[in-house]
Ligand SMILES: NC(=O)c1ccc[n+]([C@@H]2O[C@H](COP(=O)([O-])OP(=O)(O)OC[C@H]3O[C@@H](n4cnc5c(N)ncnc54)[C@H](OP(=O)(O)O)[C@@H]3O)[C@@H](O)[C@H]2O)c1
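The form predicted alone is given below as one chain in structure tokens.
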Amino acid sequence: MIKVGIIGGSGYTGGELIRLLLNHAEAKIDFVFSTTRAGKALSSAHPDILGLTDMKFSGEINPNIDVVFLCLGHGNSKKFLEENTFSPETKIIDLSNDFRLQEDAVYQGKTFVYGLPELHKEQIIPASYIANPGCFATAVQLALLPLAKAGRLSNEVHINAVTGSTGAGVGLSATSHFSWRNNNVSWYKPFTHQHLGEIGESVASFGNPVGTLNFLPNRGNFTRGIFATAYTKFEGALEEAQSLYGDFYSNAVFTHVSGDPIHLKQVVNTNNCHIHLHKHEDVLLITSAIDNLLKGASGQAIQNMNLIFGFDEKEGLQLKAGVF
């Protein structure tokens, strides 16, 4: 049984980590650190776990835990590690974007491995420090990686993805407030979203030519999930594309290629990514769907923890979606 710490446990990703770890057979939560809620019950921020634990938020950290999850705002993980020290044996899994890019991967003598299991499983297993991928980045990369590996991504790619309101974090803003978000759809950061950097590095990692990635993110009027569509020219039959994807994900325990069109409810509240392929003339349409808080954040972080400690990769993550 490993001891787990969570830094920044009052937000959405922290809450999902708590929920998953309370049902994990190989891990026990040692502390959940919060500067604003120290001494208050975890259920005061996460009422969905009322009755499941009597734990309270802590104002102190235990530096000798086995693994710590950093659930801090972007840019704050580096600051936290500057001000706090953990045991050299403590594994660190960061859920911010502070260490995802190659130029940021080495910090204070620590080398962070980009934690997308479908791409870097062999590097994750021996790693001590993990940069957990972004939610949009996860959905888009899983849609494109088989083509990138096969050298079939050299043409321009158009990507459209819509995310739920939880993708904006627990804090209120003008575009996350219910009266604005409800019955509304809008785009943001067109062609410049911060996840493009990590997407670009991953699809280029095979050494094959990659066309321009045109990414248009959208805000949806639902709470959780990402539904992404990407299309590009593809010379070849649909069956060839299906074979590429089937081979690439043959050993992936959470990414599944569907022969039928997919929808968002299939993956919400799971750590799964579902993918569907459709061919129209010389264009291949790839659809991918994930839960932004699970496969796009906390679930993938637990998946990485399982790989590092030699647990069953699915431990704590065998969740069923509710499709009705």
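Only a predicted model underlies this, so the values are computations on that prediction, with no experimental measurement involved. We number the residues from 1 along the sequence you see.
Missing here is the form predicted together with this ligand; even so, the following discussion is about that form.
Exactly one listed residue, out of A228, I199, C71, L147, brings a non-hydrogen atom to within 4.5 Å of this ligand in the model of the complex: C71. Proximity to this ligand in the model of the complex holds for all of Y12, L95 and R100, with the criterion being a heavy atom within 4.5 Å. Looking at 60-68, 257-265, 32-40, 271-279, the stretch with residues near this ligand in the model of the complex, meaning non-hydrogen atoms within 4.5 angstroms, turns out to be 32-40. When this ligand is considered in the model of the complex, L284 lies well away from it, no heavy atom lying within 4.5 Å.
Using a 4.5 angstroms threshold between heavy atoms, T166 counts as touching this ligand in the model of the complex.
Heavy atoms of A27 never reach within 4.5 Å of this ligand in the model of the complex, leaving it off the interface. Although the partner is absent here, V170 is a contact residue: one of its heavy atoms lies within 4.5 angstroms of this ligand in the model of the complex.
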